[in-house]
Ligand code: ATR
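Shown next as structure tokens: one chain only, the form predicted alone.
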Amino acid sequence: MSHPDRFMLAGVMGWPVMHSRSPRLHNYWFERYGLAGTYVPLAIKPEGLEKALRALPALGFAGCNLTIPHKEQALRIVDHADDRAKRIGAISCVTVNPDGSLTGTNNDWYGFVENLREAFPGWRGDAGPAVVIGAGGASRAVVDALIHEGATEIRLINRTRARAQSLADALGGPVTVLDWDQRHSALEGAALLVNATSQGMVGNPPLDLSLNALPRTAAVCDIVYIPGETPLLKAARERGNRTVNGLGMLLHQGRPAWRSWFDREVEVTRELRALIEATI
């Protein structure tokens, strides 16, 4: 809850963290709404995470975001975690309660859904089969979001099948795990393709995936946003598919954080998107 006589303070914990675009994102909202406050990067080593989180109340923080490698460890530290965070198995946002206790939530699923809705007006989770590549933390949020949005078929593919099966078992829902060598044919009849891996990110090789079987009516989402257009998105765009990168996922996940920290509604504007895109 924000107060007119209190400096509003939040941040992002990660290791490393200086590459994060979150400070630009949240400080844009402080400036746009004329609020006294700031959002800072906090470089916290894994072994120091618990002490850092426990220091938030004394330092006057309303809360913080968490990025790699802290999201899973934080789940074991906070005093309370909502059902969504428990199901996904990771926390992306911590809120300091009035009594100094810490509540953990996961807003990545929300950012994913809102990104799709912004990019593809009228998008529906039950529009047809969804194919998700990857079985890491981001994939858990994506699959959970698709289940929540009413997906009737989710084809989950990962290089290590056991990890994908573990994800499917944990989340339930209409998830079918397929072998890695089935990834090309799995695109047949799909309405949505999501790359939830880091393949295609700057410094990483492109995702090894042929789009020949993918309907041209399908939407393609890559959670990577550096570069702005991954090889996957470029190939999809050139064949006529609608595409969106992961920048909107980052932007939109900040909105519920502000509701929790400061009891305020904030908007993802064209100006904000352009501001962050200019740094990529």
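Note that residue numbering follows the sequence shown and begins at 1. From a predicted model like this one, the values you see are computed outputs, not experimental measurements.
Unshown form predicted in complex with the named molecule; subsequent notes refer to it.
| message | I need the one stretch from 151 to 159, 91 to 99, 170 to 178, 115 to 123 whose residues put non-hydrogen atoms within 4.5 angstroms of the named molecule in the predicted complex. | response | Heavy atoms within 4.5 Å of the named molecule in the predicted complex occur in 151 to 159.
| query | Is there a heavy atom of residue 163 no more than 4.5 Å from a heavy atom of the named molecule in the predicted complex? | reply | Heavy-atom contact with the named molecule at 4.5 Å: present for residue 163.
| Residue contact check: residue 129 to the named molecule in the predicted complex, 4.5 Å heavy atom | Answer no; every heavy atom of residue 129 is more than 4.5 Å from the named molecule in the predicted complex.
| field | residue 199 within 4.5 Å of the named molecule in the predicted complex, heavy atoms | value | Flag for residue 199 set to yes.
| request: Indicate whether the named molecule has at least one heavy atom within 4.5 Å of a heavy atom of residue 145 in the predicted complex. | output: The answer is no: residue 145 has no heavy atom within 4.5 Å of the named molecule.
| message | Within 4.5 Å, heavy atoms only, which of 85, 135, 186, 209 is in contact with the named molecule in the predicted complex? | response | Contact residue from the list: 135.
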